[in-house]
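Only one chain is included here, represented as structure tokens and corresponding to the form predicted on its own.
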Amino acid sequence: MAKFNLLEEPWIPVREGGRVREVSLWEALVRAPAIERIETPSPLEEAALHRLLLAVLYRALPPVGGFWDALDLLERGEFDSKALEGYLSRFHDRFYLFHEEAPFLQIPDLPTKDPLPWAKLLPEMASGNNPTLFDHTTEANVPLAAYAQAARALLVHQAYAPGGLLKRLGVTSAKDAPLARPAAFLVVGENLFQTLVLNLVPQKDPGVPVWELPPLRTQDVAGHATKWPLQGAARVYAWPSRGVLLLDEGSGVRAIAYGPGVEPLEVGFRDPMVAHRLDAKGQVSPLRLSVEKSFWRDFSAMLPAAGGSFPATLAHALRLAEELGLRRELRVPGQVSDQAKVLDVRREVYPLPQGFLSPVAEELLQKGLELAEEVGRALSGVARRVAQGLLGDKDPEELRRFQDSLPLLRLYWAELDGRFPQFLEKLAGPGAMDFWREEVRRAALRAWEETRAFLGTEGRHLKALAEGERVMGSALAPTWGKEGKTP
């Protein structure tokens, strides 16, 4: 029996009129001008839900052929409800979460032997390879997921499932889902309508999404029987990375049948939401989030001068927003994984000032980031000298552990994490570099003061600190002259 149609049932969390509520997919698109934004604590949900809405728009609306089409759409202030209604009514039956022949983004005849807990769909929940990040669920005590929650989890898994061992239906391993490793770039406008148009990057061929194709069956995915080119935003944004079947218990979902999905064929397609960098081997690769550092420290890697490329969403959205003077911000959601194990899930938010992509702003941004890294390397040398002052040179590994235990670098980068958004806001105006140079200097000095307090007051500590202070003054002097000396 068909049940829980995503076009009609509330399942997408949004902020509207100062409160958060769930709306259907249809309501999210038709009422997009009145909705402030998609509001979810999960960074991965935020990206996956936007990508689904964009995939629908790519197919339902007349093609956005370029900048002027997008500008016309923004100035119209709403989506064409007749076009949306006509399209979604054609595929209405393909959006049921539970359906005997075509459950949404699932495989209806997937073997139900050896089911898995539904928590496997979310990296934030403890299951299988997922470490306990924010949740202490055990596989022996899996809570019942409401249908809306299960629908969002399904969408997240199809976008973010990391590659690795599978061992089902003749398949031993599966490849990464489209966003398993890269960070996604989402430009957010003043309401959901603006956000969607800003990220609706013109596509020559957006591809055919899975709901327009005959429903996948088990025989289509067993042994990697089906391989599709990973191409076209509408197709890639709703890619069936894994075979999943939600097992309905009547009032929710506790388990899933699981297997391989469609095998992606790499064809050189660049996901519009992904930035790229030139790595040390001269190869172009997607930018990723890191456990060790905030994403802003990699901003320079995507600058064209460094051989990188901005995500298409960013370039498209900034040109549109600047033409109309719209307020916008940049959100970078993503996960960090090691092989198939997810280590972190987070979202970083940055302002996007006018002129962000101008040549002058790009140059200032690159210089500012180089300065921060240069001082960071100098502080690393200071920490090493302090460690040597206390422990000598007898055991390099012990020295490294002690050096890492000092708060110097952690505090320095934490200070700059909080200051970098202000630097971005000032990029297109006068005095940006002077502001940043002063913030970097202050961050270094504050971190050093905290390190002094941390280390202790015995004679050997004071001797090591004096040596560290001397090295620090020498390291900072070329940048700030006498002002670089520690107090």
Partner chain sequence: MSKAFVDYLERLKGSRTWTAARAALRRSLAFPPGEYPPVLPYVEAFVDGEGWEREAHYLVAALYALKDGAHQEGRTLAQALRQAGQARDSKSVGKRFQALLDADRDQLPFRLRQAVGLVEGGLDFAKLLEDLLLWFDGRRRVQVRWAREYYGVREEETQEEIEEVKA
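Small disclaimer: the values here were computed from a predicted structure and weren't measured. Residue numbers count along the first chain shown, from 1.
This next part talks about the form predicted in complex with its partner chain, which is not shown.
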Next on the checklist: Contact with its partner chain in the predicted complex for residue 459, defined as at least one heavy atom pair within 4.5 Å: yes or no?
Outcome noted: yes
Checklist entry - Looking in the predicted complex, any heavy atom of residue 452 within 4.5 Å of its partner chain? => result yes
Checklist entry - Is the gap between residue 463 and its partner chain in the predicted complex 4.5 Å or less for some heavy atom pair? => result yes
Next on the checklist: in the predicted complex, is there a heavy atom of its partner chain that lies within 4.5 Å of any heavy atom of residue 470, even though the partner is absent here?
Outcome noted: yes
Next on the checklist: Can you work out which of 410, 367, 385, 341 has a heavy atom no more than 4.5 Å from its partner chain in the predicted complex?
Outcome noted: 385
Next on the checklist: By the heavy atom within 4.5 Å rule, which residue out of 391, 378, 171, 414 makes contact with its partner chain in the predicted complex?
Outcome noted: 378
